[in-house]
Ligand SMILES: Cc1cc2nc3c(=O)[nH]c(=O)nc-3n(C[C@H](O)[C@H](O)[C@H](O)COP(=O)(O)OP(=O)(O)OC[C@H]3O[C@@H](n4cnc5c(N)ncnc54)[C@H](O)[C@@H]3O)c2cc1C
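Take a look at this one chain, the form predicted alone, written out in structure tokens.
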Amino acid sequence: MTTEPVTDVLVIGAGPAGSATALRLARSGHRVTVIDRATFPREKPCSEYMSPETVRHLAALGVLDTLDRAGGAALEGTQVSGPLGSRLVGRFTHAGGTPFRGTGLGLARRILDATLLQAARDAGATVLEGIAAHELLRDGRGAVAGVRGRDTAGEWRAFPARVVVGADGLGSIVARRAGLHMQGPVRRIAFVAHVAGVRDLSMTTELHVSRDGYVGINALGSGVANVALVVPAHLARAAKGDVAAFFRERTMRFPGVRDRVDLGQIVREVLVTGPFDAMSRSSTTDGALLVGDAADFFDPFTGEGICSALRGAELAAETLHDALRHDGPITAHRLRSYRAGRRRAFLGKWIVERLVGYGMLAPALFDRAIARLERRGMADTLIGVTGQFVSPWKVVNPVYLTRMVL
């Protein structure tokens, strides 16, 4: 087994959370190594939706101009169709708050992830693709001290580091090997394709909800849309053996979808991800920190996964920059400001996304809430909250919640 030189920070996973963390730390002068089992550019199952707040983070990272030139779709907001026929439309420009600009962005993760990873590389991070992490290295105190992984040639390699950042997604090896992974009760699976020629494709993200899940439609530019089917895990078992057939059959059950989406024009194979409602017992442990979906991910319905990944990376980089300036081990105690920062940044978001996610389990109540939000002019506020540029407490309060259901 080859042992690599010790680095300050070893980032496992080169998605938005990992690349943004590496980019920020490399710019601050730290030695950073990023490893990922994939080679880039690569496809990724995701809603590929970014709110104006996500766009703000991308501008701060210095990649927005590049992404704007890549030809994505400018998104104006979100529309939701309920299981019993109710509908709401929320627009960013009417939501209040302080959006970075009036539109979000729909863009393939193939482009987004490769752009962020290249920016991290340009900032000085060492990027090693095609290496799958398998086990954590431990020091004499039992703290995380690196990772042991295997490259595409089958060679085992050890990557020692002062601190490990687990940015390796829902099934995070770092979280699992550190004993931090937990699975919540709302187990949903997503099936995601790129489809050309969607009829009447608008510049608002669409969410079509039924009693057995939902379909999201999101413009990506160049006449292509992201079409995502999300269903409970027990229904997803029927996809075994023929994922594409399951996707086609289930998607066509949605009245707002079947007359507009020609699944004969799928231009990227159906990819699968989940189960969702994954979280960590703690976002830190001695020698390691979790960011992005490795730390928590409830459900893609609110579309804030990329935004949360980038905000989490910002918090992680701030904490690690301070911790790395001091000698000695980087303990969970030294990383406590990251845990506190996540609570301040995400507590309201966690409440809102669970209100929405659990609300879908009661179709009549969910439909009633949609109707009242639209009729009472409250939809824009909700879309601003889920886009993370309006305070969640605008929604999580007795007045708003009462008006939503009564």
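Numbers follow the displayed sequence, beginning with 1. Keep in mind that what you see is a predicted model, and the values were worked out from it rather than measured.
Here the subject shifts to the form predicted together with the named molecule, a form of this protein not shown in this document.
In summary, the region of this chain contacting the named molecule in the predicted complex, judged by heavy atoms within 4.5 Å and restricted to 252-260, 125-133, 235-243, 87-95, corresponds to 125-133.
With a 4.5 Å cutoff on heavy atoms, residue 216 does not count as touching the named molecule in the predicted complex; it lies far away.
At the 4.5 Å threshold, heavy atoms of residue 358 stay clear of the named molecule in the predicted complex, well away from it.
Contact annotation for residue 224: none of its heavy atoms lies within 4.5 Å of the named molecule in the predicted complex. When the named molecule is considered in the predicted complex, residue 40 lines it closely, a heavy atom lying within 4.5 Å. The partner is absent here, but in the predicted complex a heavy atom of 169, alone among 99, 83, 169, 72, sits within 4.5 Å of the named molecule. Proximity to the named molecule in the predicted complex, defined as a heavy atom within 4.5 Å, holds among 195, 173, 315, 279 only for 173. Looking at the named molecule in the predicted complex, residues 56, 76 and 384 place no heavy atom within 4.5 Å of it. Contact residues in stretch 7-36 (any heavy atom within 4.5 Å of the named molecule, taken in the predicted complex) are 12, 13, 14, 15, 16, 17, 18, 35, 36.
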